[in-house]
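First, one chain by itself: the form predicted on its own, in structure tokens.
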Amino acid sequence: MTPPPSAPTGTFGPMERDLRALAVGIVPEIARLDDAGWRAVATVVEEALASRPAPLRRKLLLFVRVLGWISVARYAARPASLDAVRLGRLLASVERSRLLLLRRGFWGLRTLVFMGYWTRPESAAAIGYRARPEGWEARR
């Protein structure tokens, strides 16, 4: 499934289309988000990265770029152009790679995508999650 195109913005710049496609491979529900919904996910990811050291941000950007290169080498297409089956195979191969560095990169990317998607109020409401930062006081 190819996500709809959106204008590249933010930390990922021209790689944002690939990031969005990879995010859909990690959380398929992201494919149903419109551009505003995707922007909310990307904003959470970008805000989380903004507080991290610059070398870590560069590593994540490099990892997304490497996934794009692997995709081109295997399927002659960028992640944003892959169908759901090939995208799933790409991500599964990285997740189970013999190279620890690739597995770590995938875990980091997956964690950021999960955080970006599941911290949206709409996602929390969809699964009935009602925890609040105020704790039990918010329920009274």
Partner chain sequence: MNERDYDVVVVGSGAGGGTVAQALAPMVADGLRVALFEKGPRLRDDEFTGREIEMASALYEDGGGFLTADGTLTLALGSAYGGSTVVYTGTSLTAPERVIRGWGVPGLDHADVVARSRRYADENNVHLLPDDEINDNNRLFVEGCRGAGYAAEQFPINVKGCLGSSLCNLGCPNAAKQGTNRVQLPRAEALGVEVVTRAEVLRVEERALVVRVHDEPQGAKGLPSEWAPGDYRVRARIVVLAAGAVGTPALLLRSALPGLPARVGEGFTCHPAHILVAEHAREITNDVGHPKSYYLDRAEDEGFILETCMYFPFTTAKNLVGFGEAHSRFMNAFRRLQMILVLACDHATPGNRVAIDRDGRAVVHYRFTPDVVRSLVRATRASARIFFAAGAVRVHAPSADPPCLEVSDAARIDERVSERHFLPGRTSVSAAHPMGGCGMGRDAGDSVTDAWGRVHGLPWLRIADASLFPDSLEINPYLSIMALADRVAEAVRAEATR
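Residue numbers count along the first chain shown, from 1. Whichever C-alpha set is largest while still superposing within 1.5 Å between the two forms counts as the rigid core. The structure presented is a predicted model; accordingly, all values stated were derived computationally and were not measured.
Form predicted in complex with the partner chain: not shown, discussed below.
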Quiz item: Though only this chain appears here, would E29 touch the partner chain in the predicted bound form if you measure heavy atom gaps against 4.5 Å?
Solution: yes
Quiz item: Though only this chain appears here, would A80 touch the partner chain in the predicted bound form if you measure heavy atom gaps against 4.5 Å?
Solution: no
Practice problem: State yes or no: in the predicted bound form, is some non-hydrogen atom of G128 no more than 4.5 angstroms from a non-hydrogen atom of the partner chain? | Solution: yes
Exercise. May I ask you to check whether R110 falls inside a 4.5 Å heavy atom distance of the partner chain in the predicted bound form?
Key: yes
Self-check item: in the predicted bound form: members of 104 to 127 within 4.5 Å of the partner chain, any heavy atom
Solution: R104, F106, W107, R110, T111, F114, M115, W118, T119, A124, I127
Practice problem: Using a rigid core alignment, state whether the CA of A126 is displaced by 2 Å or more between the shown form and the other one. | Solution: no
